[in-house]
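To begin, one chain is listed below as structure tokens, in the form predicted alone.
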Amino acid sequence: MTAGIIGLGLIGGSMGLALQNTKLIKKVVGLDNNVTHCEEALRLGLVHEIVNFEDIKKCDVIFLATPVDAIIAIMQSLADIDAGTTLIDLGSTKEEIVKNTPETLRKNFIPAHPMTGTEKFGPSAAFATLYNGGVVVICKSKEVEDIHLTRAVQIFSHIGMKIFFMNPKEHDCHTSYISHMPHALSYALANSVMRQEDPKSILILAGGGFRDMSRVAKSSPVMWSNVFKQNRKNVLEAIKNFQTELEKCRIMVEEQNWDELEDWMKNATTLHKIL
């Protein structure tokens, strides 16, 4: 099969490298609206060739690895692809993307979310083992044909991913807590420290805890603002629940309820028994 990838950053570029290590795909072509990204992706070997949009449409399988708003826009231009072409999106939200999928694509379309990534972005951030050992959520619909679902499952399996099925609404609710809210907290932490501390003090005093918690604030603002926009309701609910817990902490410290605070912290440590 020939695979086409639209969007050649961390997610798309890593997919290109991973696909080249499988026997399922004989050629990987790519496209990005950033010319520099195209040149870099070709130089780094993320794809075999940079092609135009019409040539991407001729591929056996097409991956959409752009910010989620762009995924919706691009799908409108792919509405006339061949019935045998499998279309897979790799976005971090699902409900809005599924809702806006053209009718003609519903038999071809596999909404998927690989639960993996780093704080880095762009073609230079891509690496071949990003997906290996990770989890991918597939939100299959009643309309999708078995041939496309089977093809998607085979591809994700061959690049080393564990596959779970979930409906789009359920996916967006869960990821708002597990993925989206943590990014909001990291950006908030980075901004609050930047407003209070001079860069010299941050450099000298920032230890592992701060570096770990602020790391994802390096992530692409374009990508994550798109995610928050599409999953607005769930993200707001997750942030509200976090604020409730943070307020509990503030009150316990303010009122010097140290035993209660310790119990609250002990309860939080049970999370790592699950992880």
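One-based numbering along the sequence shown. Nothing here was measured: the structure is a model prediction, and the numbers come from that model.
Absent from the display: the form predicted together with a further copy of the same chain. The rest refers to it.
Contact with a further copy of the same chain in the predicted bound form, judged by any heavy atom within 4.5 Å, is made by just one of 166, 105, 128, 149: 166. By the 4.5 Å heavy atom rule, the three marked residues 175, 219 and 232 all count as contacting a further copy of the same chain in the predicted bound form. From the list 150-158, 70-78, 179-187, 88-96, the contact stretch for a further copy of the same chain in the predicted bound form under a 4.5 Å heavy atom rule is 179-187.
Within this chain, residue 249 lines the site of a further copy of the same chain in the predicted bound form, having a heavy atom no more than 4.5 Å away.
In the predicted bound form, a further copy of the same chain lies within 4.5 Å of some heavy atom of residue 261. Though the partner is left out of this view, residue 203 does reach within 4.5 Å of a further copy of the same chain in the predicted bound form, counting heavy atoms only. Residue contact with a further copy of the same chain in the predicted bound form: residue 239 places a heavy atom within 4.5 Å of it. Residues 241, 242, 243, 245, 246, 247, 248, 249, 250, 253, 254, 256, 258, 261, 262, 264, 265, 266, 267, 268, 269, 270, 271, 272 of 241-272 are found to place at least one heavy atom within 4.5 Å of a further copy of the same chain in the predicted bound form.
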